[in-house]
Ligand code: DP6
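Heads up, the chain below is alone and in the form predicted alone; it's given as structure tokens.
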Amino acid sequence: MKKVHATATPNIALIKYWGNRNNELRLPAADSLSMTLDRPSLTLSLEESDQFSLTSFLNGEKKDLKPEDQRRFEHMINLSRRYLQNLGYKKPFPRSFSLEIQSAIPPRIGLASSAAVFAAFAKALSTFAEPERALTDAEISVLARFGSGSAARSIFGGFAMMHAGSSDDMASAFASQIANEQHWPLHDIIIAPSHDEKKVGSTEGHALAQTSAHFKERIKQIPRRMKECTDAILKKDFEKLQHMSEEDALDMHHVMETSTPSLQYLTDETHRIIKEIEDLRSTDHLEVLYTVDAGPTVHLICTDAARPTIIDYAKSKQEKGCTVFKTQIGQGAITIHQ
């Protein structure tokens, strides 16, 4: 039986994805933009099987999976099959699959572990359709989106955007690359204050977004931020990138905090790190920005020149119990061998 291996890494959103117009298909309410990282990574093995099975390991230790974890993968397979049949594929996939995931990405702390998982899964799934026609990267990003909206962007290396679209068509939202990983060699020094998994996952959080009175105003501001952020990337304008990404991150957390129920992903340590980086930036005039996804983990994106100082700062937090990941811009999901 055919067996495929794929590897993928998280991405860090510079313009955040939060809230859907269609939760079943994970059709986002607005565009988003991200930088794909080179680590931490995971490898997914996918094999034809008569019955679906899922096994997952975190740093070599087997994870206890919940029934909803398996249902999420099966739902993605079913949506992917429908999508490819709509594209004209006669028999895109076998009856079912056996999956094994080997990951080094702590889950549910704001490190986009789901983005990496479902990007790798989509990349592996796509190889089973190749006898009829190889999928484009945009089409593979649609498959990834069925599992995790952010995963669509991790298909691509460098900087990628999600085109939200406007219809309820399955293919309406897809990702594309803005610039590859050689364009601008930025770094992301990640500081995780805790590995405690968040109580409300991103999937549940997306469904609550529209309960915030601020949500509609956020959606209105996204096109401006996308334009400014894209322009900053293409022109390598770090100051503009900093202003736009920080504005958008804080705005997303304002939506979270004003949702019903309120989602409080930022901790006291998160706020402390942000304040210390603002102070460090003002005294040392460093090219560094902070951003935070749905969790307490702080991403410090910086240039080559600022990296040594940010590494020293991160070490000081590590000594106080935080976990640090030293990453840089990466290449996106790949099939490693079959």
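From 1 onward, residues are counted along the sequence shown. Here the structure is a predicted model, which means the values were calculated and not measured.
FYI, the form predicted in complex with this ligand isn't displayed, but the following is about it.
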Does at least one non-hydrogen atom of Val298 fall within 4.5 angstroms of this ligand in the predicted bound form?
no
Whether Leu44 contacts this ligand in the predicted bound form should be assessed with a 4.5 Å heavy atom distance threshold; does it?
no
Is Ser176 close enough to this ligand in the predicted bound form to count, meaning some heavy atom within 4.5 Å?
no
Does this ligand come within 4.5 Å of any heavy atom of Ser202 in the predicted bound form?
yes
Just one of Ser114, Ser103, Ser212, Thr230 has a heavy atom within 4.5 Å of this ligand in the predicted bound form. Which one?
Ser114
Identify, from the list Ile273, Ala294, Leu289, Ile310, the residue with a heavy atom within 4.5 Å of this ligand in the predicted bound form.
Ala294
Mind telling me which stretch in 128 to 136, 239 to 247, 143 to 151, 86 to 94 gets its heavy atoms within 4.5 Å of this ligand in the predicted bound form?
143 to 151
Assess the spot marked by Tyr17, Arg72 and Met252: is this ligand within 4.5 Å of a heavy atom from every one of these residues in the predicted bound form?
yes
